[in-house]
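Given as structure tokens, the chain that follows is alone and in the form predicted alone.
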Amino acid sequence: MLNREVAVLRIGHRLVRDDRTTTHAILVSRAFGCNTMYMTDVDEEIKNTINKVNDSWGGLNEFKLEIIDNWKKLIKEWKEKQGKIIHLTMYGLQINEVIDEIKIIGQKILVIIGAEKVPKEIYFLSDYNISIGNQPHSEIAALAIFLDRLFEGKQFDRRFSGGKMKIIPSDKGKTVIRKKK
């Protein structure tokens, strides 16, 4: 399942206020199995932060952040390459009703999340409008739950190459291996 291409498009970024939230959305995308995250309206410093994470923890070649100018163009190109568009929204169909159908899609998947209210046309450009729940919630929580359901937990077996640090699971304390330069 992890051999499929899954990317995230985050539309919008409230300057200064959203830096931490944006970084968390990227980290969830990376840790939960995505190959790429596309963003609009984001500070270049956030890209530097993710590059540092990839350098320290591995993944320089497995995960990338791309800052784009035109989200409509990205969606159109994704559809032209036979990809599916999934919009996570609290107004969509319940995830439990459609996740099995989505799992069997053999195509690339672009997951759309919004930093704020997304343009109405996103609902019509998307192949699926999916809700995690019909109550207000974080786009980061929705993304994590969606990706976990899609990959069935297998994303946590993914190993990033080239990292300088690695966590050794432990029931007590912290064990981190650091590669020497």
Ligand code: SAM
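Residue numbers run from 1 along the displayed sequence. Given the structure is predicted, the values throughout are model-derived calculations rather than measurements.
Quick note: we don't show the form predicted together with this ligand, though the next part is all about it.
The single contact residue among N70, Q135, N48, N61, judged by any heavy atom lying within 4.5 Å of this ligand in the predicted complex, is Q135. Interface residue among E44, E116, E152, E121, judged by heavy atoms within 4.5 Å of this ligand in the predicted complex: E116. Proximity of L110 to this ligand in the predicted complex: non-hydrogen atoms within 4.5 Å are absent; the residue sits far from the partner. In the predicted complex, this ligand lies farther than 4.5 Å from every heavy atom of I99. Looking at M90, you'd find a heavy atom of it within 4.5 angstroms of this ligand in the predicted complex.
Under a 4.5 angstroms non-hydrogen atom cutoff, this ligand in the predicted complex lacks N54 among its neighbouring residues.
Contact with this ligand in the predicted complex, defined as any heavy atom within 4.5 Å, is confined among 152 to 160, 62 to 70, 24 to 32, 125 to 133 to 125 to 133.
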